[in-house]
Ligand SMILES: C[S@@+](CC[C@H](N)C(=O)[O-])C[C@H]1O[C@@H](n2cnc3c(N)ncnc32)[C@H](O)[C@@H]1O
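We begin with a single chain expressed as structure tokens, specifically the form predicted alone.
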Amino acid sequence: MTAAQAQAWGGKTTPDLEEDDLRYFCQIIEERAGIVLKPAKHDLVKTRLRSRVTANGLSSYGDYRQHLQSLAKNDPEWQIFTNLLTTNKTDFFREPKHFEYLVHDILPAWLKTSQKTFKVWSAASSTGEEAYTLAMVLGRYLPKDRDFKILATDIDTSVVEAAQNAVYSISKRSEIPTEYQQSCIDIGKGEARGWFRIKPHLKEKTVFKTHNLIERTAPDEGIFDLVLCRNVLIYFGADNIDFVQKKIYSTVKPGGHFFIGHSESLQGLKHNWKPVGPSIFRKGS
């Protein structure tokens, strides 16, 4: 980098991201997290990694690439890199048809069994809105003699931490149907004005952990009544989609269900799921 370029960098003008460096960053995030960054996302790579170039006192993306290559696999910088290149768009009650199916089809059938605890895995939980939506719905529709537990996981450590906090901007309150608000959230007052929190009786039913979907490890075999992995597979290549659906299949009880995003599909894959609705699958008994 020339002196003029360095001065421009200090003046907040981003240096060029060379093609070789871009390919490297895209390759590494796919290897680490399964995420395929298509050309439309290449500007995102440049924008988000800029902070790490400056934070490490470097002058170019090429220098940052060399810095990463010099690090051990467990160095904290790798997690920061991964966090920066993951997508965390989510809302409360997103894709509401899934929650309607849970209420009208899955829960009535489950309540006819002798099971006492309905177990759910939110397999890409982001900042927690999906997991807490599940807690709201299950808390409302399960009788007092039945319980529920929710495991919520994400590869991004920063969003897992935010989800554990269970505090959200008041602007997101409108995403939660009115009939849930009084029993499920507390509105902040005083210094907490402008925020709301998930009520403790729902928060305590939800455990957040860091987990990488493309790793071979899974929470457990055959323990979940429902797994949601929504709006994540859209970022994966075919091989990783196949790997993840098989991994999730192993974690679901016979008769349990699997939700993917409405824009996602298992078409073209050989799988053992039975389609029972739009983006809804069931494991055979």
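In this text the structure is predicted, and so the values were computed from the model without any measurement. In case it trips you up, residue 1 is the first one in the sequence shown, and so on.
Another form, the form predicted in complex with the named molecule, is not on view; read the next lines as being about it.
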Checklist entry - Contact between Asn165 and the named molecule in the predicted bound form at 4.5 Å, heavy atoms? => result no
Checklist entry - Hey, in the predicted bound form, does Arg230 get a heavy atom within 4.5 angstroms of the named molecule? => result yes
Checklist entry - So in the predicted bound form, does Lys89 come within 4.5 Å of the named molecule, heavy atom to heavy atom? => result yes
Next on the checklist: Residue-level contact is defined here as any heavy atom of the residue lying within 4.5 Å of the named molecule in the predicted bound form; does Ile185 satisfy this criterion?
Outcome noted: no
Checklist outcome for this item: From Ile35, Val252, Leu49, Ile241: within 4.5 Å of the named molecule in the predicted bound form by heavy atoms is Ile35
Next on the checklist: By the heavy atom within 4.5 Å rule, which residue out of Leu111, Val103, Ile170, Ile214 makes contact with the named molecule in the predicted bound form?
Outcome noted: Ile214
Next on the checklist: Just to confirm the contact call: exactly one of 219-227, 51-59, 27-35, 64-72 touches the named molecule in the predicted bound form at a 4.5 Å heavy atom cutoff, so which is it?
Outcome noted: 27-35
Next on the checklist: With the partner left out here, which residues of 155-188 have a non-hydrogen atom within 4.5 Å of the named molecule in the predicted bound form?
Outcome noted: Ile155, Asp156, Val159
